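Okay, so here's just one chain, in structure tokens, the form predicted alone.
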Amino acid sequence: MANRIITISREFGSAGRTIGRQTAERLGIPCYDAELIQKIAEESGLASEYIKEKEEHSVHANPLVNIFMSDRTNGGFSMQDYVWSVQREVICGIAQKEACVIVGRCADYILRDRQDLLTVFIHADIEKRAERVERVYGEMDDTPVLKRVKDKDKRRKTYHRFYTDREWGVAQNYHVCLDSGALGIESCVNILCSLYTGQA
């Protein structure tokens, strides 16, 4: 079956979001990234600001802290679990409805049983990612940029492990891994478009 859905997982500062959007534009299909927050908010009845707090970046980098900070009791769902379940339903619904690019939020795992899926991991040298973060986002607080990058990656890795029991960023878990620092954004977009259309 031909590729119909592209999921993009990415290291912080690797331009994965930009690559996803440009790929979608080139292919003429929607790209879901921040748009998912609004959809999850609508389905859950929760405020979009609250969804942002409960999404992947809010998970602590230390797995043990997640266990002690969670409001799960006697095997019950925490609010973060509830957001995850709604997120899963939203992503599955979008994939069922239309061809698209989905950035982050464990979409690669959620849609893993689909035969029309192309899973992608975007990474880059940490120094290049730090330079991009500083250039694109600027100084957000007093935290050194390299620490910000490392902390963000740790949170994404922990979140992914917490809900999927799979290792985030391990090549075997994706169809394609691209070094955006070495290849550049445009080349990454070209590669993904070629793979999607079967012209690679």
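Sequential numbering from 1, following the sequence displayed. No experiment lies behind these values; they were computed from the predicted model shown.
There is also a form predicted together with a further copy of the same chain; it is not shown, and the following applies to it.
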With the partner left out of view, is residue 175 within 4.5 angstroms of a further copy of the same chain in the model of the complex by any non-hydrogen atom? yes
Hey, in the model of the complex, is residue 171 touching a further copy of the same chain, heavy atoms inside 4.5 Å? yes
Does residue 130 reach a further copy of the same chain in the model of the complex if we count a contact as any heavy atom within 4.5 Å? no
Residue 195: heavy atom within 4.5 Å of a further copy of the same chain in the model of the complex? yes
For a further copy of the same chain, considered in the model of the complex: do all three of 11, 183 and 190 come within 4.5 Å of it, counting heavy atoms only? yes
Want to guess which of 130 to 138, 31 to 39, 163 to 171, 143 to 151 is within 4.5 Å of a further copy of the same chain in the model of the complex, heavy atoms only? 163 to 171
